[in-house]
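This document starts with one chain, in the form predicted alone, laid out as structure tokens.
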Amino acid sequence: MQQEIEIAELRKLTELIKEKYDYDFKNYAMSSFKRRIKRIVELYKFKTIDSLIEKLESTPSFFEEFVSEITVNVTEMFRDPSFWSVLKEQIIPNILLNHNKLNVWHAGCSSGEEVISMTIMLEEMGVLDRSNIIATDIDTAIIDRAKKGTVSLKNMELNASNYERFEGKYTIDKYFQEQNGKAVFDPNLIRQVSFRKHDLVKGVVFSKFDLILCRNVMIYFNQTLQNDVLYKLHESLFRYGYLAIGSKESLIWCDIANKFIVVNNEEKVYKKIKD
């Protein structure tokens, strides 16, 4: 299907998904949503958007595949090494000055590379056993992958280089074994992690955290939805808890900007100062 996808067709699609599956995609950033729909159409060789809609209507099992394609799973370990250095040297020591336990939420954890990075760092700091980590995503298939703690070997060169730039204690191959073209990480690393399905758009606030990482998730949402999600993240933080967002994201414009202070502008780390 070569012709341009019409806005009316996208609206029809998002309405069907909302009605049948109770997933709300209508506030996703239009350009990126449209690009992903186009990719699905090409990938599954649908001739029209209507035939995609029919498939979603008649085949619930296809919906899981659809969600995996729509939600973005581009991730790497120790992405932006300088960010991880700030966590290790400033943020986590600050939290543990006043708390015995560290409560962390990875919101939109994708296939788990960020979660494993966090647990490796906390293990090297000697505080993993004092940590309680919750990792959530909207996509069940991707959570199942994250639980396995496996990463494609072809990505490990970049991951190893990030870890080195972060100045980890060892080399990253201390933590995994090679099996069938995959790096299989030591299951012990995720002993303090609970993986859950959670929809940032519609899901409820389910706990309070000292640190929330929601990095490179909101760039796919429009401003209305970003605002809603930021309200939720604010509500999920203890007062004086920290929020980390992606390098291309910002809190400045949102309704609750005055409830945070900037801790590190370069690495996009904020601290909640008002309930």
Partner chain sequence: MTRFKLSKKYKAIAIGGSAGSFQPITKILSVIPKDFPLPIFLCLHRLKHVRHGFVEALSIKSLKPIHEPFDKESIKREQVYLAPANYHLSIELGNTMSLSTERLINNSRPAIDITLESAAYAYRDKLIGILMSGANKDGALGMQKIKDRGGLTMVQDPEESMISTMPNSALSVTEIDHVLKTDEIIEFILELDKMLRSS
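Positions refer to the first chain, counted from 1. None of the values given here were measured: they were computed from a predicted structure.
Absent from the display: the form predicted together with its partner chain. The rest refers to it.
The partner is absent here, but in the model of the complex a heavy atom of Arg79, alone among Arg79, Arg145, Lys182, His198, sits within 4.5 Å of its partner chain. Interface membership of Arg165, defined by any non-hydrogen atom within 4.5 Å of its partner chain in the model of the complex, is confirmed. Interface membership of Glu249, defined by any non-hydrogen atom within 4.5 Å of its partner chain in the model of the complex, is confirmed. Though the partner is left out of this view, Leu153 does not reach within 4.5 Å of its partner chain in the model of the complex, counting heavy atoms only.
Contact check for Glu19: every heavy atom lies farther than 4.5 Å from its partner chain in the model of the complex. Contact here is defined as any heavy atom lying within 4.5 Å of its partner chain in the model of the complex, and by that definition not a single one of Lys26, Val229 and Ala257 is a contact residue. None of 26 to 34, 206 to 214, 54 to 62, 229 to 237 except one has non-hydrogen atoms within 4.5 angstroms of its partner chain in the model of the complex; the exception is 26 to 34. Residues from 106 to 125 do not approach its partner chain in the model of the complex: none has a non-hydrogen atom within 4.5 Å of it.
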